[in-house]
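First, one chain by itself in structure tokens, the form predicted alone.
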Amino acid sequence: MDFTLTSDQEALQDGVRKLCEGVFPMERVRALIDVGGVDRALWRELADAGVFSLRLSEDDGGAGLGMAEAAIVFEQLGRALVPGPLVWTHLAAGRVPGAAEGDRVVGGLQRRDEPFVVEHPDVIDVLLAVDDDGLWEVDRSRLSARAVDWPLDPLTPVHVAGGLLRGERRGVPGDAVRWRLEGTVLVGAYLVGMADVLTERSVDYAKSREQFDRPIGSFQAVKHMLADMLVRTEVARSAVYAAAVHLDEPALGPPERAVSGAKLLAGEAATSNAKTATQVHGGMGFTWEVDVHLYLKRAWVLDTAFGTGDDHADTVAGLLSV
């Protein structure tokens, strides 16, 4: 399988990266902590760029692209640490009015054991729940939830709900399976983008930071750490791209193993690279001023989204034994 990007995909990748650099520099991302992680004007800029409508048909106002292109886009969003319920709003485009245009922010969760965690509760307009019976819009006016005062990720405020009412159906049972697979790949792509930029930042810091009149990047132990970061990123990127292609091309066979393997590798790459980046930055890596801790906290949160690493390891193991 050839994962070389086409010229159109490279142009898409470059365009989204420039958008993120211009609209979401880290100082602006940090400022979003005070507004629940979402600024409506910036959210609409993402929508105008096609982030949410990317996979809709041209007749429906989209670009008619596939999961491979969506993975490329979300990888760039992960590099910039763009906050908000990006994956759920992307999935809801075309199904929830206003989601594709950025007029409505859509949050979501998978029904599992209680309690349920609702992310960005103060900014979402629609809350969707996915279970084995399909997709449901939760009646938020009847939702009993309490705020978490100190969420793990300061850019992802959360409420904990004791129970969820099913609400209005937003699809058929088969949609839930597809949403879970697609959401898993998009989260994996976002994690790969985080792992990638953490590698770049660590290399740059190792080149400039000196100890004993030498850049720390010249020390063999640091070189090994940086090399491991690169390898983890590239392996995870290949796995995510492969999973996206499996979803685009059903003839390749059932995508479950590829999707779970991709999420497992992407989560490990992002969390491990964030920890290593903290080490490379030394004492500064533990401070609020250095951005590394924001990536680490987001990686911990996203590593549990659409299934934990253990969940996906069990899935891969089960499918290998069949």
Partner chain sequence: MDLLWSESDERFRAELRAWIAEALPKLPPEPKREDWAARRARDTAWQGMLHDAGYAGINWPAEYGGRGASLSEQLVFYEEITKAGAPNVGVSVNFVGMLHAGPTLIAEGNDEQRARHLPAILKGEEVWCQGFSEPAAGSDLASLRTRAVRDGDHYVVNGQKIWTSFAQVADYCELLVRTDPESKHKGITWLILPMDTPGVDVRPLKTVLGSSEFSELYLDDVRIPVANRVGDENDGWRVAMVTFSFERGTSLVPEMVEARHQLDELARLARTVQRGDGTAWDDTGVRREIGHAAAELDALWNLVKRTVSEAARTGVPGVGASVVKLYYSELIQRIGDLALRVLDRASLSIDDVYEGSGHVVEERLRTLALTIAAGTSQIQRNIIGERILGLPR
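Residue numbers count along the first chain shown, from 1. As the structure is a computational prediction, the values presented were derived from the model and not from experiment.
One more form of this protein should be noted, the form predicted in complex with its partner chain, which is absent from this view; the next part is about it.
Put simply, residue 249 is close to its partner chain in the predicted complex: some heavy atom of it is within 4.5 Å. Interface residue remark: residue 178 is not counted as part of the site for its partner chain in the predicted complex, having no heavy atom within 4.5 Å. Under a 4.5 angstroms non-hydrogen atom cutoff, its partner chain in the predicted complex lacks residue 45 among its neighbouring residues. Residue contact check for residue 234: one or more of its heavy atoms lie within 4.5 Å of its partner chain in the predicted complex. 225 is the sole member of 96, 145, 225, 123 with a non-hydrogen atom lying within 4.5 angstroms of its partner chain in the predicted complex. When its partner chain is considered in the predicted complex, only one residue from 50, 255, 267, 261 comes within 4.5 Å through any heavy atom, namely 261. Contact with its partner chain, judged by heavy atoms within 4.5 Å in the predicted complex, is confined among 210-218, 168-176, 127-135, 99-107 to 210-218. Heavy atoms closer than or equal to 4.5 Å to its partner chain in the predicted complex belong, across 66-83, to the residues 68, 72, ordered by sequence position.
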